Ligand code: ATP
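Consider the single chain below, provided in structure tokens and representing the form predicted alone.
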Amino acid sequence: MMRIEIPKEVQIILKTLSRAGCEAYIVGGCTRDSILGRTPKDWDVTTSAMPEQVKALFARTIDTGIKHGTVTVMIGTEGYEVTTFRVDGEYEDGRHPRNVTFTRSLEEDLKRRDFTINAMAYNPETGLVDLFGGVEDLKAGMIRCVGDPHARFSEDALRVMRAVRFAAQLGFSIEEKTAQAVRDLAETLNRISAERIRMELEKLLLSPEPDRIETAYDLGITRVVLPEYDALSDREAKTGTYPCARLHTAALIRCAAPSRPQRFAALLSYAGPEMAGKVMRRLKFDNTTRILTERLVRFQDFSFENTPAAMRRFLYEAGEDLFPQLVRLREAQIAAKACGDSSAAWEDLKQKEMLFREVTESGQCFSFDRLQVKGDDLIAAGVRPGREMGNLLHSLLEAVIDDPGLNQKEMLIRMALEKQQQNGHT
């Protein structure tokens, strides 16, 4: 009999429910990942016990989704979701059942789940309960719906994206009937919130095979949730290696570092910063990720002379903090070209990294915080605060970027007073 190592906290939950005369199993992703030899991120329990029974059996619980049978049991500082066996009622919004009916049948509970690999349950006494061929599909590397795929996707349209996302995360193929149902029902993703779409897209792009976005394209998913990607089919690639910008983008995503800003900057590299920002707002990204991604897209070309003056100018415009991120994106761009001699591009990047260290470590000025004069200094010298002083500081910074030798307090104050006098303010 297959044995799965279960954390002691989860064992406590299973044993407590079992001693009370209830069935209890780990279920879903934790069972799947355990069989695959992966470490589960979450441990979910399904049980024949009613929610009120679960609450009565454990000292600390949280009603996280009690309407749908889910109670979070706290063991120490960790929470574990315990959900009563259930049968889902009619799905009215393509995402949530209008109601659920609790059942004493594990089989009925497993029947409602999305894919065979997620519809397996286990406990140490019974062993593995695999009613729909989940183990066989794991061995075959196959994503297959439980039962009728059209019915499963009609219940919850987000499952359409989950099929591709799981394929990308696990390196699996999508079974033919399941893939056809994705094609047939991709349009129903219009009923899903932008936040949910974003979460699935993030998981896809942060997976080991992010270029599976091409699978999403082939199955008609991106046409609904990311039409900007489909539009790249009609654009010429920046490099002759690829027949279109879409395929170049897929390769760039694959080569990009596995972080949200890097992968989404790769995804939106042809869009330009304004369009990139528009897409990320539509997908309800947090401002920090959105702004960083926009900046990466804006300065991705990385094209400036390998001189200290050009580096200072670039850091003034792009920001010192962005440079390491741009290096990572540039590495992906070079790798994604995959043709010809890339040695010149790698050498150029190496030169820029050396220049960056030279400019930053030697204290050269390219930002206001490195400028040796501040607003208070100019006020003390007789410059009136306001827009004029802001303009003076900008002109001083511009001068110092061009000539670092000017970055001396007394010299900068003298320059500011001269400029003020030239502008007619004595």
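Everything numeric in this text was worked out from a predicted model, so none of it was measured. We number the residues from 1 along the sequence you see.
One more form of this protein, predicted together with the ligand, exists but is not displayed; see below.
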Report the residue, out of Asp114, Glu331, Asp137, Glu202, that has at least one non-hydrogen atom within 4.5 angstroms of the ligand in the predicted bound form. Asp114
Using a 4.5 Å heavy atom cut-off, which residue among Ser207, Asn118, Thr188, Gln325 comes into contact with the ligand in the predicted bound form? Asn118
Candidate spot Glu317, Pro404 and Lys409, all three in 4.5 Å heavy atom range of the ligand in the predicted bound form? no
What stretch, of 173-181, 226-234, 159-167, 349-357, brings heavy atoms to within 4.5 Å of the ligand in the predicted bound form? 159-167
Evaluate Arg196 for contact with the ligand in the predicted bound form, applying a 4.5 angstroms cut-off between non-hydrogen atoms, and reply yes or no. yes
Flag Pro51 as yes or no: does it have a non-hydrogen atom within 4.5 angstroms of any non-hydrogen atom of the ligand in the predicted bound form? no
Within a 4.5 Å heavy atom cut-off, is Lys67 in contact with the ligand in the predicted bound form? no
Can any non-hydrogen atom of Lys41 be found within 4.5 angstroms of the ligand in the predicted bound form? yes
